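Just the one chain here, the form predicted on its own, laid out as structure tokens.
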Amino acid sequence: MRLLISLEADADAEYKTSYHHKLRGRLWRALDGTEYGAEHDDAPTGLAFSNIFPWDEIAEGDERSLLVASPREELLATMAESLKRNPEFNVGDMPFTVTDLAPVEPDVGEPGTRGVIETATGVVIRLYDERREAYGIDSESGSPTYWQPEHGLEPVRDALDANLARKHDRFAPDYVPSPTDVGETLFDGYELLKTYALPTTVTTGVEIQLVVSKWRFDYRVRDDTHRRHLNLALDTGIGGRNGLGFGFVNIVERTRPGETELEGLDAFA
């Protein structure tokens, strides 16, 4: 489940790449005083969000958008009510006003559907001591190593599945098998687009250098359980630091059973 927030810029502004901490703060302020208000330090938070898009310099009057995702519809409804009452939406030095709110319900599709999920924000994949030893990766003990291409794909597949299993344990019904119990990886194909380092404020006065990566993931929905897992990834984000806006993903291609890949492209128009 997602909430699409439409914004109008109140002034000219530079688009700040270090928006994460400020944007997280504005979203959680919308939940202050509610049953969700104290959950911002919980892990996993079950709240993921895109960047403010489109990404470009901001002029007064510009229209921008933001997507917020959660497996809990009630949380998003509570946030929407708060934003209606207080539409001022300042993200650091980027001032906006909320002009509209709309629910969005992405779905990977029924079993047999094929598609591509792409990361809209960078994915944080951290490898701790136990994982590093399993993959033969040398690094300083006691601190995470951020995944990089020379570590290979296996740590990525395992880390994404294990991370989603933690979210599954918190948010999914008990009768649904966990992503790590089904004996299959979440995605069929993993195409790395790029990796990059990003100085990020993780809390007030604390900045660290994150190494993040962008991906395209191929999938074919195997069954209803796999559909639940993929939709959970859409609702919670993938990898770590989702609470700062990393790991937000979108469906960019989808072919349902019985369709051809060309049907969605008006190929015969």
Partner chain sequence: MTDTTDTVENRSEIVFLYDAVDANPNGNPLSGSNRPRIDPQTQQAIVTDVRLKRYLRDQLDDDGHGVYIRNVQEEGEQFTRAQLLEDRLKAVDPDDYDLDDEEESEQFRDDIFGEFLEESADVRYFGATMSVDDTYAKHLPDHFTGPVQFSPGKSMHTVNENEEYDSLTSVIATQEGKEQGGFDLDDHRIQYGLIRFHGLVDEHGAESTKLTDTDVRRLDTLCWRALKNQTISRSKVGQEPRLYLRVEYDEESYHLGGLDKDLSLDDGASKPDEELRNVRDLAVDLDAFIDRLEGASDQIARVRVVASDVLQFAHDGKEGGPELLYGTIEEAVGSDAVEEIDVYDEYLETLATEE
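Since this is a predicted model, take the numbers as computed values, not measurements. Numbering follows the first chain given and starts at 1.
What follows is about the form predicted in complex with its partner chain, which we do not show.
Contact check for K194: every heavy atom lies farther than 4.5 Å from its partner chain in the predicted complex.
Interface residue remark: A159 is not counted as part of the site for its partner chain in the predicted complex, having no heavy atom within 4.5 Å. Contact annotation: E74 falls within 4.5 Å of its partner chain in the predicted complex, judged by heavy atom distances. Put simply, E105 is close to its partner chain in the predicted complex: some heavy atom of it is within 4.5 Å. For the candidate set D224, E57, D41, D32, a heavy atom within 4.5 Å of its partner chain in the predicted complex is found for exactly one residue, namely D224. The contact with its partner chain in the predicted complex, taken as any heavy atom within 4.5 Å, belongs to E110 out of D93, E133, D169, E110. Contact check for K84, D100 and R256: all three have a heavy atom within 4.5 Å of its partner chain in the predicted complex. You can rule out all but one of 204 to 212, 224 to 232, 47 to 55, 23 to 31: in the predicted complex, only 224 to 232 has residues with a heavy atom within 4.5 Å of its partner chain. The partner is not shown here, but in the predicted complex the stretch 1 to 29 reaches within 4.5 angstroms of its partner chain through a heavy atom at M1, R2, L3.
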